[in-house]
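Shown next as structure tokens: one chain only, the form predicted alone.
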């Protein structure tokens, strides 16, 4: 009950943020919402299935470039259509990638996902005519539920309609992932994480379930990528770079991968901590590296582990 009360209080604060906080702080929440959705998928792989991906940024970038391509090249401005297209494309790409990657576990799975991520980064960087190369592709302002909100400037659009749209999408993604994790499929993934051989012995198709988890994680990553691209107005190849995947893993560790809401807490903490550190020193990456070491050594269960140390059943 206490955790549920805290979650409801946090949701209420997020809903009131545009009314209470300065516009700059509100815009910082937008990438946190986007990363929160992407991390829900990554945590299905790692926290639930026990597979750590170092290439999850591939699908985040895929979602961002889908938004860029549809708005800039094809004039599709409906954000609902963009999200659906990104999710579908991510699923298509995840099928061959996942079929290969889930044949392996532990470091081999991580290295394969990293390799595919870097292949996609090279594709984005080299195929200039299609992807814009190192300059990336513009992302035009989308329509939300068919409305352009042309009377609002960019800040008004981002801190108003788009903010609540992103928050609603995050809420829907969270509820959907909650249902997945608590379903028989989610319980089977936990059994696989704890002991794959025993799970296979009682009839669980280990490789098939891991593959399904990989595809679902890819879809969540791409949906998060579409949200991430709108505030910046740009899809950039660095979204697929290995350091971006590293940031995603850092967020997961920071929030606490053993807890369902850990990804959301990690995304919020990372964005605001990054903004704070970058405003204080040019060596913010060094500071972040030190923080990661501190989290891993002293707080291995993340921020949520401080208030709820046990692994949820």
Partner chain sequence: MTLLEAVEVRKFYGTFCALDGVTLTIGRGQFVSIVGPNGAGKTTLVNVLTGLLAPTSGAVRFKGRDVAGLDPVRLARLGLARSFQLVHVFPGLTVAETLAVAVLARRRRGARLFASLAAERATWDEAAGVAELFGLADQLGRPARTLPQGDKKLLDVASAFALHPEVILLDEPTSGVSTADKHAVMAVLVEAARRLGIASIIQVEHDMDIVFGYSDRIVALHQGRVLADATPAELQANDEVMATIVGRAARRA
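Numbering follows the first chain given and starts at 1. Bear in mind that the values here come from a model prediction, so they are computed numbers and not experimental data.
Keep in mind that the form predicted together with the partner chain is missing from the display, and what follows is about it.
When contacts are judged by a 4.5 Å heavy atom cut-off, residue 197 counts as touching the partner chain in the predicted complex. Residue 187 belongs to the set of residues with a heavy atom inside 4.5 Å of the partner chain in the predicted complex. Mapping the unseen interface onto this chain, residue 183 counts among the residues with a heavy atom inside 4.5 Å of the partner chain in the predicted complex. The partner chain in the predicted complex is not approached by residue 73, whose heavy atoms all lie more than 4.5 angstroms from it. Picking from 204-212, 152-160, 223-231, 135-143 the stretch near the partner chain in the predicted complex, with a 4.5 Å limit on heavy atoms, gives 204-212. Contact with the partner chain in the predicted complex, defined as a heavy atom within 4.5 Å, holds for exactly one of 83, 89, 216, 169, namely 216. Note on the partner interface in the predicted complex: the residue among 77, 95, 130, 176 having a heavy atom within 4.5 angstroms of the partner chain is 176.
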